[in-house]
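Presented below, as structure tokens, is a lone chain in the form predicted on its own.
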Amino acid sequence: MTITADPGTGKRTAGGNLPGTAPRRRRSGRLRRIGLPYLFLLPALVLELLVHLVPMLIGIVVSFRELTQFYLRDWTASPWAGLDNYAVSVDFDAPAGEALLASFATTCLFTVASVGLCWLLGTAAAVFMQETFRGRGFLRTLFLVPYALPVYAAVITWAFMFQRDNGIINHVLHDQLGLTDSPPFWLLGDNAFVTLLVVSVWKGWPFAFLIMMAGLQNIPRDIYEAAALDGAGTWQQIRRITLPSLRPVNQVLVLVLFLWTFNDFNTPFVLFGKAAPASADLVSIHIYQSSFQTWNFGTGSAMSVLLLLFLLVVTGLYLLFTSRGKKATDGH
């Protein structure tokens, strides 16, 4: 340790570090740098635990119990049912299992149609928006309006538009164009599936458009210019350049759209209320009806767990196949 004098004040101060002081300070500084990111993540982890993980674990426990309205005050006192709730859910010869299977088939058909149309419209609009023309910025903003609107406000507006007597859809199709003999019911019967699909695609395709727009920005324009010089037309450029370059983006986009659409509850609930028509009876609505209308929360929880397992299996298989396809492409 050295002692130095301050030229201004004449006071002597001690300089240098005691043995072991500098390493301890360096270690404490390193610990603070390492622990600081986890400290910032702690509120999000706590909220995730409280909002998602804890209710999910409680739902799994409830699926093994015979929980009805008689045990709502103290659900832990409900009788233990074991696998009975799961047996009822997958017994497709019984009414409950048969209804769940029909709802599952409807959800699969709806998901395939909605995801396919969202991807097709989003990709076509993104490719179209790559060209420079007057009003492109306005159209980009206009295309993103359905994605920016609150879901409940947008779906309620569609519900009014699809009203049989006062809705604008029937006013245009029947009163203005005369395409139908009588105003059809859009929120009842088989037409409910078409209504649900239209609303789902309307509010979902801007997300696909946004993701595709971001993916197209990473494709160099020199490749298209070189392809054009070689005589490649627009369709050949899309087929040979655009789609292969967007493969990683498409893999994530399709998976996210699939999970969002298969689990969609807000759209059918706002459109049809608590009792959706059979043609639009998605699994999410069906589980809600099984739980809160029949007051059989054990069976509803078992259906929810089965849905969770199905989505986990499909997601795992999808990621496995896409990763293998990527490795094969890279190796080739």
Partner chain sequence: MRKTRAAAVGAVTLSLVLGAAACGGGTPGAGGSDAQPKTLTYWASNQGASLEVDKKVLQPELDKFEKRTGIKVKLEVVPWGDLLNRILTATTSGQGPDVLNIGNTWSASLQAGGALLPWDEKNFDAIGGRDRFVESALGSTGAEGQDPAAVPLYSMAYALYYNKKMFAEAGIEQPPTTWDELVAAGKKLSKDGKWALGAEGSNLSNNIHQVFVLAKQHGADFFTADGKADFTADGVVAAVKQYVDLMAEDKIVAPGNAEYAQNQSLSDFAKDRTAMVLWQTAAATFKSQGMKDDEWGVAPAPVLSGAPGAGTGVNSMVAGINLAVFRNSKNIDGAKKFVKFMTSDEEQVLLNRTYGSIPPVKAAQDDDAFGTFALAPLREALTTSAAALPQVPEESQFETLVGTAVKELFADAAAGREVTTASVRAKLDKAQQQMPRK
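Numbering follows the first chain given and starts at 1. Note that the structure is a prediction, hence the values are computed from the model and not measured. In this text, rigid core is short for the largest set of C-alphas that superpose within 1.5 Å between two forms.
This next part talks about the form predicted in complex with the partner chain, which is not shown.
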Spell out, yes or no, whether the shortest heavy atom distance between Ser63 and the partner chain in the predicted complex is within 4.5 Å. no
Under a 4.5 Å heavy atom criterion, is Leu72 part of the interface with the partner chain in the predicted complex? yes
Using heavy atoms and a 4.5 Å limit, would one call Leu319 a contact residue for the partner chain in the predicted complex? yes
Phe185, heavy atom within 4.5 angstroms of the partner chain in the predicted complex: yes
Option touching the partner chain, based on a heavy atom within 4.5 Å in the predicted complex, out of Ala125, Val194, Val256, Leu149: Val256
Every residue in Gly137, Thr141 and Thr180 with a non-hydrogen atom within 4.5 Å of the partner chain in the predicted complex? no
Partner-proximal stretch of 202-210, 257-265, 234-242, 108-116 relative to the partner chain in the predicted complex, 4.5 angstroms, heavy atom: 257-265
Pick out the residues of 292-321 whose heavy atoms come within 4.5 Å of the partner chain in the predicted complex. Phe292, Gln293, Thr294, Trp295, Asn296, Phe297, Thr299, Leu308, Leu311, Leu312, Thr315, Leu319
For Phe265, decide whether the Cα shift between this form and the one not shown is 2 Å or greater, given a superposition on the rigid core. no
Under a superposition restricted to the rigid core, does Lys274 display a Cα displacement of 2 angstroms or more between this form and the one not shown? no
